[in-house]
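Next comes just one chain, in structure tokens: the form predicted alone.
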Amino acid sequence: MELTRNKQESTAPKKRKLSERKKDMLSGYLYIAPFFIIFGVIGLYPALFSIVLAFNKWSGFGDMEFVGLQNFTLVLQDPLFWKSLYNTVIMGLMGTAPQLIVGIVLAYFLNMAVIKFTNFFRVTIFMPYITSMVAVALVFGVFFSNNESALANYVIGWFGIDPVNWKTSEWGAKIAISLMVFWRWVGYNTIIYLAGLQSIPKDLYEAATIDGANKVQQFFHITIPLLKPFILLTVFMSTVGAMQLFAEPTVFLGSSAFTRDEAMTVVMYLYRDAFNLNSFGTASATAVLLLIIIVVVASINTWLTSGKKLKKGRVKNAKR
């Protein structure tokens, strides 16, 4: 009897501890459940449904009809898709690459103790990122108006260039939208680079100054290498954002955004198929193709900016 009582007393606390552990686990799962429920309903389910829809023909009403790879064939054989992909890449390069370079330079100057009113300049540079797209469209719509008296045409007139129809010409629309993308996102990247610069120990710059290194040498041999994680982050995010370009050209071109091909992007092509032509199957196929393109391009950009290729070349030269 005493042995059984001892056994019961020894097992009782263990059961209580186990139940308390389960309660803690259950409460933890309940705390994080809202996020996963919202993500599953708003994010995961539409993504999976879009993949399924890419292999079906559906107008938004009625039953879906399985067509296999026919939607992908239709999209890949459409010249407008390749035109939109070309526009996306060109405007992505014109709007993204300069903002990354200018962002590093601006962050470097804002991090210098010599410059006064740094907080004012930081807020001013970041303001375009939080500005409403409606306000941005109004400003750039006036600046890049098709009128000969527009501010952009007035500026290029100083250099003897004829007025440009910015919203209807091939390169005029691309340049205007690229400048809009640059103006809106350069401050965002500058703040990220500034945070990276502030994490670099000042002792490194002091030691380099003592060793005789000038500001340019310090920038390329200390600043850039230590900013590498932040550069990788901005390159990846900028690549994904450039391939998903939609708001800027749509707001800038207005009602003619989906009827002209001078500045139509892949996402605009997708939107036109889905909501203007009610062809959700080809729109979903375009989304799947865009996902593949983004993964490939982002991987290549990350690999190039990570410096692995440069390191391999140095190793080979060292062996020789």
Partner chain sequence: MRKDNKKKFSVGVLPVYVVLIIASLLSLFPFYWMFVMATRPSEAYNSIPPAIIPGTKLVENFQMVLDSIPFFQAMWNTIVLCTSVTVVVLIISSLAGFAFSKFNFPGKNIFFVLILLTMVVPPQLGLIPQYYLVSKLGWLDTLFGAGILYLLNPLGIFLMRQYVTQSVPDELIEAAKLDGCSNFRIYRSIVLPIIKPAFATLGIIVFTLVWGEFLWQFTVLRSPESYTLQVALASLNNAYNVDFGMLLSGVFWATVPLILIFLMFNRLFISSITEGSVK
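All values derive from a computational prediction rather than experimental measurement. Numbering follows the first chain given and starts at 1.
Although it is not shown, the form predicted together with the partner chain is what the next lines describe.
Proximity to the partner chain in the predicted complex, taken as a non-hydrogen atom within 4.5 angstroms, holds for one residue of W171, Y205, F219, F246, which is F246. Comment: the partner chain is not present in this chain, but in the predicted complex one of L76, L226, L151, L80 has a heavy atom within 4.5 Å of it, namely L151. Highlighted residues M133, L233 and G254: every one comes within 4.5 Å of the partner chain in the predicted complex, counting any heavy atom.
Within this chain, G68 is remote from the site of the partner chain in the predicted complex, having no heavy atom within 4.5 Å. Taking the partner from the other structure, the partner chain in the predicted complex has no heavy atom within 4.5 Å of any heavy atom of V296. Although the partner is absent here, L138 sits close enough that one of its heavy atoms falls within 4.5 Å of the partner chain in the predicted complex. Residue contact with the partner chain in the predicted complex: Y86 places no heavy atom within 4.5 Å of it. Just one listed stretch, out of 140-148, 172-180, 93-101, 68-76, contacts the partner chain in the predicted complex at the 4.5 Å heavy atom level, and that stretch is 140-148. Counting a residue when any of its non-hydrogen atoms is within 4.5 Å of the partner chain in the predicted complex, the one hit in 85-106 is L106.
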